[in-house]
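Consider the single chain below, provided in structure tokens and representing the form predicted alone.
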């Protein structure tokens, strides 16, 4: 089975709630929330994809010798096989339109397959949080069974709740934990009555001091926000616009990533999220300044279409694609990937 077959199977299970377009760029599913589309006209979702496609990889192959690129790296103290993390995705039954069983059962099966597959291929998986009481509990269940490669991403709940869950993540040997700070602006969270709030630098500092794990803030789109996170002890940020689900007119991750990377100069870990669909996309994000990337919707399709085996198939495909691009660019390892290896079209 290959990725195309996985996605075909996923489409059938999802009852056309997502058409799984040949190019996943948010045009067809614009405004489909709940669902997998972007908010409004889908412009922010589309911009994630488009901003990345505006860069091309230079063919720098020097032809001096054959080599197999090394895609391994150390992330939050753990060795991983490639610079790709599964993005946190929740409310699977609602967003993916799966109706075979209860929403809680579907969430449980999804999370188990995702984490089992990620563990088998040697990558990390982020687990999400949501308005349903079972969402976070299911993630914690499998974090306990698969210690070391799971990262809890918590909604911007009151500080005390985040600290409590961060301490739980530490106890379960998670390498890091974080919040998706921009979720405070998600309309769905507010309509469900979830107690979420904007996080000030004071709150972020309080959390970093209370939990002895690397703290990640997801949803950073400006240099100002990135520097503010650095000043209060945040160890990593995720540059992204929440899959185009916050505001209709936001820039794409690739639009802002280079300036943020230049401002931070390697002082904290930078993850990038948005519009990444292939190993070549991964390469371009690394060249623009990311240390690793998050992939969301395509991982969701892989799990729904093929379970843990589907995760393995997709991650190995992305790793092979990344290696091919690294060979053409002349990068023998991830540290050799530079911005000089890409150019804007």
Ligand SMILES: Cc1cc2nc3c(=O)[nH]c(=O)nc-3n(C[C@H](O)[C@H](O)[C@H](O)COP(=O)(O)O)c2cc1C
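Positions refer to the first chain, counted from 1. Computed from a predicted model, the values in this text were never measured in an experiment.
One more form of this protein should be noted, the form predicted in complex with the ligand, which is absent from this view; the next part is about it.
**Q** Taking the ligand as it sits in the predicted complex, is residue 71 in contact with it (heavy atom to heavy atom, 4.5 Å or less)?
**A** Result no; residue 71 lies far from the ligand in the predicted complex.
**Q** Can residue 174 be called a contact residue for the ligand in the predicted complex at 4.5 Å between heavy atoms?
**A** No, no contact at 4.5 Å.
**Q** Is residue 296 a contact residue for the ligand in the predicted complex, using a 4.5 Å heavy atom cut-off?
**A** Yes, residue 296 sits close enough to the ligand in the predicted complex that at least one of its heavy atoms falls within 4.5 Å.
**Q** Counting only non-hydrogen atoms and a 4.5 angstroms cut-off, does residue 97 reach the ligand in the predicted complex?
**A** Residue-level check for residue 97: no, no contact with the ligand.
**Q** Which residue, 153, 82, 196, 229, has a heavy atom that falls within 4.5 Å of the ligand in the predicted complex?
**A** Checked against the cut-off, the match is 153.
**Q** Tell me the stretch among 272 to 280, 50 to 58, 285 to 293, 302 to 310 that has any heavy atom within 4.5 angstroms of the ligand in the predicted complex.
**A** Every other range fails; the passing one is 272 to 280.
**Q** With the ligand taken in the predicted complex, which residues across 251 to 268 come within 4.5 angstroms through any non-hydrogen atom?
**A** The stretch does not touch the partner at all.
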